[in-house]
Ligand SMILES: Nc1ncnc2c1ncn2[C@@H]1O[C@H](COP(=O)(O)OP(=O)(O)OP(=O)(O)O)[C@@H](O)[C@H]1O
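One chain follows as structure tokens, the form predicted alone.
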Amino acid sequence: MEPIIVAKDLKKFYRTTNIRIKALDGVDIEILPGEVCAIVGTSGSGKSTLLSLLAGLEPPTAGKIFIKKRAIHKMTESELVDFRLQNIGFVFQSFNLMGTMNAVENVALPLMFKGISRGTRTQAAKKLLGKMGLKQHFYNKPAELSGGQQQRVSIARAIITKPEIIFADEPTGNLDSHTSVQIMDIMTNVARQRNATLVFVTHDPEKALYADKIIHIIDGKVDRIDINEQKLEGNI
């Protein structure tokens, strides 16, 4: 099986006034189609930077990134926007929901960008939110939802277009332990049911156990890659 995501000698440097900060320093990884992959590391290790580069949210300083054999490191911003819309869903730690929109409108937003009619996208969003256990919260705005409910809305928004790849940056970082388990169950179950590739960042070794592959990042480098034969299975 050929990998769906490939990074080669990936580097990312940031400059402050007098200092060059090395966030990533020669990362090489491959992720297979349908694989659930965890990127693990402490704060400042470069794990979130790696995810942002893989998702095309920011460019590498050097190196190459291929997704579905497409060289995303060579794409223009407009090409990246279209590529993400067609292939990628993203779940943020801070939810990144539109505060003026209700749950249905937030989830339906990617379908609006794809030109889907209002009635069709509203119906699809309601159906998906219902499966997420949020039928009673269709018309609540983010401020009226708990952290766990907001993250469910965020996940629904990420998967409404049925992307082949889902990226998630510390998706349980702002949640309590019980809600964190529920969110991990939802994400991994959705990925496996749809045979989608899920790549998530975490600092928590227990959350990493949901993954098939665990990539350990230390000081901007891949320290080791573990294949997890005893991965946790969701309960929903």
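The first residue of the shown sequence is 1; numbering continues from there. Owing to the predicted nature of the structure, the values given are computational and were not obtained by experimental measurement.
The next section is about a form of this same protein that is not shown, the form predicted together with the ligand.
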{"property": "Exercise: E170 in contact with the ligand in the predicted bound form, heavy atom 4.5 Å", "result": "yes"}
{"property": "Residue contact check: P205 to the ligand in the predicted bound form, 4.5 Å heavy atom", "result": "no"}
{"property": "T197: touches the ligand in the predicted bound form, heavy atom cutoff 4.5 angstroms", "result": "no"}
{"property": "In the predicted bound form, G56 touching the ligand (heavy atom, 4.5 Å)", "result": "no"}
{"property": "Triplet P142, S146 and Q149 all within 4.5 Å of the ligand in the predicted bound form via a heavy atom", "result": "no"}
{"property": "Candidate stretches 47-55, 26-34, 205-213, 181-189 - the one whose heavy atoms come within 4.5 Å of the ligand in the predicted bound form", "result": "47-55"}
{"property": "Stretch 10-27 - residues with a heavy atom within 4.5 Å of the ligand in the predicted bound form", "result": "Y14, T16, I21, A23"}
